[in-house]
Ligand SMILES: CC(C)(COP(=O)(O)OP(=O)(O)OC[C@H]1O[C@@H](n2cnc3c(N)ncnc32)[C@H](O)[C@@H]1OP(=O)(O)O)[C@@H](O)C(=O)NCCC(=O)NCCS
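Just one chain follows, in the form predicted alone, and it is written as structure tokens.
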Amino acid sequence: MKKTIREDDGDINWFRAASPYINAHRGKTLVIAMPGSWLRSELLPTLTHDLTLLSHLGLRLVLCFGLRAQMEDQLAQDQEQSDIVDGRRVTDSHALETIISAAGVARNDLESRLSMGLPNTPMAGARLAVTSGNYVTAQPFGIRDGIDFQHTGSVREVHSSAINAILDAGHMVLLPPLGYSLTGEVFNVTVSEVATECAIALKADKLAFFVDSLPIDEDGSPLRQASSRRIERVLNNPSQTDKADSSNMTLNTILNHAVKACQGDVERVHLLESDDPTALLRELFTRDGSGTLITMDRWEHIRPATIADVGGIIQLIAPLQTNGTLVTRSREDLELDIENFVVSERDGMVVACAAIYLEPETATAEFACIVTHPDYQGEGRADQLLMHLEERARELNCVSARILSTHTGHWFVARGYSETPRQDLPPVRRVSYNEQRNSKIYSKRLDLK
């Protein structure tokens, strides 16, 4: 008897597909930079609902919010002017009073919204505890190019131990664009700087910026994934339009903060489009994600392998060949195959390796032999190698990636790969498939550059 397909089966399948990401994100720290315009946006109720959901799924959340839109409106109403130079406001005494007042109103609004779930949903009444405080110490931005920025400041220190204690208690931390000096002064600080310095101090797993436009590559196409080094090249490219986003911060300013965050060991920086109400959840819980992902290429010595690396690769993969995790490769096999390998080295030692094989007829790249030395595991090197291979595959116009694995399939599933049946292998690859190893096959769709 044929099973009737229910209308909500698609939702159930989505939830099943999201389960590896739910598990991977539990206990991770996410810092979000939200422009002030969002506080008046029709998307704010959706965002606050999503934040409550994320908290109940075990994420540690820090929400940093801007107030530039509110400042502009209030200053115009008061018939006051306040210049903005290179993305920073020249904050006189009146402007400071305005931002302090706006911060209080915004905080109360956010706290009230986060105290309730979305009506008429299973999240109704699922309140989220919120804590704010003097967790950011600032110092005067000073006089730059002859301009006295007065009460504008820059972040001097983020009190990470206090914030971590609050996060450990299950609260979300709310940070306005304000900092407090050791002498009791209050300074106006940009939300992008507060979020970036907070993410670095907390060693956050993710930092997310909401922006009006995504960065583009040399061909004018939106970047979906890039290393911080590539973003630096984009910033130096005159074709990169320096558009202002909804909080009047330029995209280039945010990109510079993204690079700084990556250099400060924040693993992933996400740029999410402000007009997309699903961007945050899609980035966290779907295979294709959303917006632009920026990561630090912490091992800039990832490079093509040479014949001189064969000995190091053999030492690296030998234990895994012995226990059956990897297919056995002789020295001769490796020497003939070396042009397909990339390695990461430290002080002349090969500490990680991987291989890429191309199938031009199917526009597919097959990755293999992704190995990290035991002494260097847990530092994200395998992730970096995989992302390096994926970027290389995109450059070679591959539309999909494939991995065969007997032991580590769950690791690839958590990174967007899904198990596929053996019948989906192209005929040539099916012939070379090792029946004795009985490896499972995982694939992922790649977005081209």
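Start at 1 and count along the sequence shown; that's the residue number. Only a predicted model underlies this, so the values are computations on that prediction, with no experimental measurement involved. Rigid core here is just the name for the largest C-alpha set that superposes within 1.5 Å across the two forms.
Although not depicted, the form predicted in complex with the ligand is the subject of the following passage.
Annotation: in the predicted complex, residues 96, 136 and 138 none come within 4.5 Å of the ligand through any heavy atom. Interface residue among 60, 68, 381, 402 relative to the ligand in the predicted complex, by the heavy atom within 4.5 Å criterion: 381. For the residues 46, 418, 408, 397, the 4.5 Å heavy atom test against the ligand in the predicted complex is passed only by 408. For residue 372, a non-hydrogen atom is located within 4.5 Å of the ligand in the predicted complex, even though that partner is not displayed. For the chain shown alone, residue 325 is a contact residue for the ligand in the predicted complex, at least one non-hydrogen atom being within 4.5 angstroms. The ligand in the predicted complex comes within 4.5 Å of a heavy atom belonging to residue 377. Among heavy atoms of residue 320, some come within 4.5 Å of the ligand in the predicted complex. Judged by heavy atoms within 4.5 Å of the ligand in the predicted complex, the contact stretch among the candidates 382-390, 419-427, 49-57, 27-35 is 382-390. When two forms of a protein are overlaid on their rigid core, residues whose CA moves 2 Å or more are considered shifted, and residue 411 is one of them between this form and the one not shown. With the core held fixed, the Cα of residue 76 is displaced between this form and the one not shown by less than 2 Å. Remark: with the core as the superposition reference, the CA shift of residue 52 between this form and the one not shown stays below 2 Å. Distance between the C-alpha atoms of residue 267 and residue 402: longer in the predicted complex than here (change of 3 Å or more). Relative to the shown form, the CA atoms of residue 379 and residue 225 are brought 3 Å or more closer together in the predicted complex.
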